[in-house]
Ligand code: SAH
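Okay, so here's just one chain, in structure tokens, the form predicted on its own.
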């Protein structure tokens, strides 16, 4: 059996209980060494084989996983964050389907969750935003034209932008084109939940200079939106004047 496991955002204790248990049982762990915290490998049993996939192709990864699974071994494919976000797991699963090899997915805590925790922020504040847009700038992986950052920014929803630090000046320009003001709140969260996590609160207009001043070039998320402001409305869920199926409204 092959298990695609979300390693979480970085901190060793933010992997799920199920993910940790599968690491302890694994005979082979194929992990994204450029992103996954290597301390997670300490959960593995003696004799477990480790393979860093950072320098491998899809074909090489499958050439390692498939024979081990066919021999009845427990194989873990360890992805950073949650595998469903920028994890390139669909192409792996399709190949495994073609080989009739069973697999399961174990979700993980994404870095956008850890980034909000680092900021002590809530993406979905009443009368501020009830939507979160998770996106990225195009790179070697294209982005559909309808998902251009400037078009998404027009919604003024909370935004978490992945994989875009290398072109953060362009990112800021796209956000401004989409309708954000230069003084709109923003933040850069570097290595959320890792021991060397750093948080920089800034504005859309100062994103590029903030990243440059602190030499942040990768492994960071950009968060944008009014959820970073202190103003919001109280939740109706806990308002004494609001009734629901578990509580009557106070007189």
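Positions refer to the first chain, counted from 1. None of these values were measured; they are calculated from a predicted model.
Missing here is the form predicted in complex with ligand SAH; even so, the following discussion is about that form.
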Report task. Tell me, out of 203, 210, 219, 53, which residue has a non-hydrogen atom within 4.5 angstroms of ligand SAH in the predicted complex. Result -> 219
Report summary line: From 96, 163, 168, 133: within 4.5 Å of ligand SAH in the predicted complex by heavy atoms is 163
Query raised in the report: Counting only non-hydrogen atoms, which stretch in 62-70, 37-45, 187-195, 23-31 is within 4.5 Å of ligand SAH in the predicted complex?
Result: 187-195
Requested in this report: Please check if residue 158 has a heavy atom lying within 4.5 Å of any heavy atom of ligand SAH in the predicted complex.
Outcome: no
Query raised in the report: Though only this chain appears here, would residue 85 touch ligand SAH in the predicted complex if you measure heavy atom gaps against 4.5 Å?
Result: yes
Query raised in the report: Counting only heavy atoms, which residues in 108-124 are within 4.5 Å of ligand SAH in the predicted complex?
Result: 110, 111
